[in-house]
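Below sits a lone chain in structure tokens, taken as the form predicted alone.
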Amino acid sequence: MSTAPARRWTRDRVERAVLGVLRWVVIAVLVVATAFPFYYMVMLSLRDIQDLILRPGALLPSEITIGTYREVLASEESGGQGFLTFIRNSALIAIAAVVLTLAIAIPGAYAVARLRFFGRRQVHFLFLAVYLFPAIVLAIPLFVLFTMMGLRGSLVGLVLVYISQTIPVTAYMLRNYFETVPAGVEEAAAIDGCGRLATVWRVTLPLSKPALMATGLYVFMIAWNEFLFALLFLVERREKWTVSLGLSQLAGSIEIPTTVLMAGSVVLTLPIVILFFAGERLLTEGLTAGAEKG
């Protein structure tokens, strides 16, 4: 009775087996390293302060409470921290920044990608020149300018500051994507009687949804999380504060329990996490598209 010959452990087989195991080990480590801090933050926000004092190292609460979120979201008149107002302010600023940034960056990016004019290449690189200067270098001149214009302490002034930083990089990203849209598609639209604006609206923008989603989410994240300029322009008017300013106040107070601070952190982080996972596919396509021609 013959038996099948034993498979030899060649170098290639050993390397494949080791790399196969290491791949899952690395994935598991990365998942734990990225997910555990958020998990622990959520668990702390759902714990009672007495439970935290008695069992500081516990990973699961003995009893779940949402009282911390009530305290964070309730208005100051009700004894809370007023985060609902901060969320509204942050949402208004972030949405306005996204809309204005895309409205200005789309025509600029399309012009650089499709039109031929003197200095075209120089304009392309000037898009990113603003990032040669640290934000703190621009903070003082902008503070003085907006104070003279009467915009300090207003949400409108903060939106203007944000779009001045997001328009260049948004135009740069969209320009790379617009160059991947086949010119023949736009030429066919022109043959059908579409003008330049109609072609952009009916052809180019629908084909560029992944890039628009990616850049829009990028701008939203910047406006939602930004702290330095919000502190400079809004610190004197609490009713205009953003979520990042409110969280900074919680972190700097010794009277605020850790559980309430973690609830504020969840409120700041959760909208971005939801938006990211909701648009993850389009975000990935938008960030990688145009890499060959960029």
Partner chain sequence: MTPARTFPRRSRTLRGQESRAGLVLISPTLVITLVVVIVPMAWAIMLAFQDARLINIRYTGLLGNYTLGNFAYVLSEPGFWGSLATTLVYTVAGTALSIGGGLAAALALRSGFRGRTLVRASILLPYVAPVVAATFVWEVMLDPRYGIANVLGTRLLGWDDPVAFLTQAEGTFLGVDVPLALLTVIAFEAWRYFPFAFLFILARLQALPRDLDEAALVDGATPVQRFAHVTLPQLGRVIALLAVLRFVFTFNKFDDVYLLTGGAAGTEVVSVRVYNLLTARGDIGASAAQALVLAVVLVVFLTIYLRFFAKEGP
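Positions refer to the first chain, counted from 1. Rigid core: the largest C-alpha set superposing within 1.5 Å between the two forms. Just so you know, these numbers come straight off a predicted model, no measurement behind them.
Another form, the form predicted in complex with its partner chain, is not on view; read the next lines as being about it.
Engineer: Residue 137 near its partner chain in the predicted bound form, any heavy atom under 4.5 Å?
Structural biologist: Residue 137: contacts its partner chain in the predicted bound form.
Engineer: Even though the partner isn't displayed, in the predicted bound form is residue 33 close enough to its partner chain, meaning a heavy atom within 4.5 Å?
Structural biologist: The answer is yes: residue 33 has a heavy atom within 4.5 Å of its partner chain.
Engineer: In the predicted bound form, is there a heavy atom of its partner chain that lies within 4.5 Å of any heavy atom of residue 196, even though the partner is absent here?
Structural biologist: Output for residue 196 is yes: heavy atoms within 4.5 Å of its partner chain.
Engineer: Within 4.5 Å, heavy atoms only: does residue 164 come near its partner chain in the predicted bound form?
Structural biologist: Flag for residue 164 set to yes.
Engineer: Looking at 74-82, 207-215, 156-164, 175-183, which lies within 4.5 angstroms of its partner chain in the predicted bound form, counting heavy atoms?
Structural biologist: Going by heavy atoms within 4.5 Å, the stretch is 156-164.
Engineer: Considering its partner chain in the predicted bound form, which of 87, 221, 96, 203 comes within 4.5 Å of it through any heavy atom?
Structural biologist: By the 4.5 Å heavy-atom cutoff, the listed residue in contact is 221.
Engineer: Within 32-58, which residues have a heavy atom closer than or equal to 4.5 Å from its partner chain in the predicted bound form?
Structural biologist: If the 4.5 Å heavy-atom criterion is applied to its partner chain in the predicted bound form, 32-58 yields 33, 34, 35, 36, 37, 38, 40, 41, 44, 52, 56, 57.
Engineer: Determine whether the C-alpha of residue 19 shifts by 2 Å or more between the shown form and the other one once the rigid core is superposed.
Structural biologist: The answer is yes; the displacement is at least 2 Å.
Engineer: Has the Cα of residue 227 moved 2 Å or more between the shown form and the other one, judged after a core fit?
Structural biologist: No, the C-alpha moves less than 2 Å.
Engineer: Please determine whether the C-alpha atom of residue 237 is displaced by 2 Å or more between the shown form and the other one following superposition on the rigid core.
Structural biologist: After core superposition, the C-alpha of residue 237 moves less than 2 Å between the shown form and the other one.
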